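The chain below stands alone and is given as structure tokens, in the form predicted alone.
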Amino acid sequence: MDILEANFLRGFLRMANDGWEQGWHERNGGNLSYRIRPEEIESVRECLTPREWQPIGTVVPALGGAYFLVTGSGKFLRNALSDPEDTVCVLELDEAGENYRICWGLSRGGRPTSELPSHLMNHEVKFQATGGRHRVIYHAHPANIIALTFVLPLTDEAFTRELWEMATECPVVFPDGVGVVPWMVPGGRDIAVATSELMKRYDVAIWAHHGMFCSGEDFDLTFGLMHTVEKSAEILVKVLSMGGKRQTIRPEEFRHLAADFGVSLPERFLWEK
């Protein structure tokens, strides 16, 4: 099969374009990765041409031998649909999870996203935490969630509670809450470690003054998670601009919601204000 006709590539490109159309990927902002299924990689193996091995910058032994579809460093996600061969690439990891090699894509040169260590460390955490169900890691720059990192306390509790209160669906869509990483230099091991620690408990990690990471089982669920969190943040920005809340959802009402929808909400997010 021609890789350009593969469903997993088409879904990946659609998600990248959807984020661009939301305004989350200015210039070369944001990145996306997908852990490819064995049967998917076999279906396109004739299109792969492995290049030289390169160090990842971290070690992810649980992912040894896996293949990933990843956006390129410095590439504009607005070009994903029109020029996928130069915008994205297929990577193979060595068996130790220490090195990668490009097998397809980045046709005019370049390297995978500079956030590759963060992506792979988060993939490893979610692979272990979900029994392999999670396959997508998505990083974007949604304006409203970034704006809130300048005014809300940079704690998991503050962000989770405020976002939950903005829309009834929020505690159902992300019942575990969200984590917050204080400002750190992006692209290195330190922020990758901090984010992966949060991903042991959450599917959403907010990077202060920068953006958001989301993890999910497929493209639709992961994009939908990012979209829901950002829409909640947009409502909160509007509420704050109108002078703040006069009424809201109370802790006991969250407990009723959880019971009706069959989700478990951590009590540490349900304090009385």
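Start at 1 with the first residue shown and count on from there. Computed from a predicted structure; not experimentally measured.
Although it is not shown, the form predicted together with a small molecule is what the next lines describe.
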item	value
One stretch from 170 to 178, 196 to 204, 136 to 144, 152 to 160 that, in the predicted complex, holds residues within 4.5 Å of the small molecule by heavy atom	136 to 144
Sole residue of G64, G224, G57, G29 within 4.5 Å of the small molecule in the predicted complex, by heavy atom	G29
Listed residue that, although the small molecule is not shown, lies within 4.5 Å of it in the predicted complex (heavy atoms), from N99, S107, S114, Q128	S114
Partner proximity in the predicted complex: N79 to the small molecule, non-hydrogen atom cutoff 4.5 Å	no
Contact test in the predicted complex: G74 vs the small molecule, heavy atoms, 4.5 Å	yes
H210: touches the small molecule in the predicted complex, heavy atom cutoff 4.5 angstroms	yes
